[in-house]
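Just the one chain here, laid out as structure tokens, in the form predicted on its own.
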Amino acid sequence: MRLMILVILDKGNLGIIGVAQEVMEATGLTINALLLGNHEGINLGDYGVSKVYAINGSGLIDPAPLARFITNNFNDAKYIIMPDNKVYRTLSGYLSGLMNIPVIINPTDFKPPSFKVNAVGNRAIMELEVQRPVIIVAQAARFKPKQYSQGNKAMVTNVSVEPGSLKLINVEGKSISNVRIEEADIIVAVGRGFKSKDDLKLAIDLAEALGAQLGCSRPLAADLKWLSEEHWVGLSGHRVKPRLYIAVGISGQPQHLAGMMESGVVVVINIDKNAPFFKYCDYGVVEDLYRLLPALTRKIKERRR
């Protein structure tokens, strides 16, 4: 049995191939891909993929039959790699149980068989050594696959998966958001220091002046519903790695820190000098955001004229 890397993806998560490439370069194993849904116009051969197994018209409505299909047909996979979202995480759980192999979520360093992951709310780094097959779940948007060659065609095989017990009965349109917070170079994040939803305009104005995306802590998205979940930074939200992260009115609880500790420069603005966030920032400003933000926005606009 010849071991290989299996990457599971769809057209919207091509970045996950970058993870497979890192593992391939470290191990010398070949990459096979299980491609879900429409694959027209995609040539994974350019990215070092040897074989593609295409499941047309398929999504992950019911991960259970897909997990059984993978278990039955790809038991020679040493590394199974997939994007990080709620549905793929469910698939990883099914696979872990069926194949009796561990799952590593969002490793920060790939040197198989060693992996590093953030731990203790991103305040520690844990190094794992896994000799047996393993499932890797990572955020596709954080990786940029290399194009090794142009026109290197991968062998494509169409396969089918038996239908599961879940049936799709209706599809409702969802408003398309321009928020891609994982890809943001600059983020202005807001928290409970804002007294009302209308007051968020102070941060929105600052973000526009900087060309930044607007982020938020858990309470503003999950509890108050002032912003959508696309803005949520944290352990249960999105993990981000911007060049500049400005936290306004956020105390700095471990759940939030877990989502942004890989940021470049961190600036914290809070009226509470004892806010935990000040222990983890590069620059801290103890000031009322209602006084500081308008002045800061004005100065930035003046400098950019």
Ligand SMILES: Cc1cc2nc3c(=O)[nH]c(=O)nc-3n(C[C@H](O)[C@H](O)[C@H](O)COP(=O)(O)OP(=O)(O)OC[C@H]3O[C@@H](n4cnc5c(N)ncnc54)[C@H](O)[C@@H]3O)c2cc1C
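For clarity, a rigid core is taken as the largest C-alpha set superposing within 1.5 Å between two forms. Counting begins at 1, following the sequence as shown. Remember, it's a predicted structure, so these values are computed and weren't measured experimentally.
In what follows, reference is made to the form predicted together with this ligand, a form of this protein that is not presented.
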Tell me which stretch of 179-187, 197-205, 131-139, 212-220 has a heavy atom within 4.5 angstroms of this ligand in the predicted complex.
212-220
Of V87, L98, L166, L235, which one comes within 4.5 Å of this ligand in the predicted complex, counting heavy atoms only?
L235
Under a 4.5 angstroms heavy atom criterion, identify the one residue in V266, A54, A275, L29 near this ligand in the predicted complex.
A275
If you check in the predicted complex, do M4, Q21 and V49 all have a non-hydrogen atom within 4.5 Å of this ligand?
no
Contact with this ligand in the predicted complex for K111, defined as at least one heavy atom pair within 4.5 Å: yes or no?
no
With a cut-off of 4.5 Å between heavy atoms, is I271 one of the residues that contacts this ligand in the predicted complex?
yes
Quick check on L9: any heavy atom within 4.5 Å of this ligand in the predicted complex?
no
Evaluate Q255 for contact with this ligand in the predicted complex, applying a 4.5 angstroms cut-off between non-hydrogen atoms, and reply yes or no.
yes
Who in 180-199 is close to this ligand in the predicted complex, meaning a heavy atom within 4.5 Å?
G191, R192, G193, K195
Superposing on the rigid core, I want to see if D199 changes position between the shown form and the other one - specifically a Cα shift of 2 Å or more.
yes
After core superposition, I'd like to know whether R218 moves between the shown form and the other one (criterion: C-alpha shift of 2 angstroms or more).
yes
Using a rigid core alignment, state whether the CA of I17 is displaced by 2 Å or more between the shown form and the other one.
no
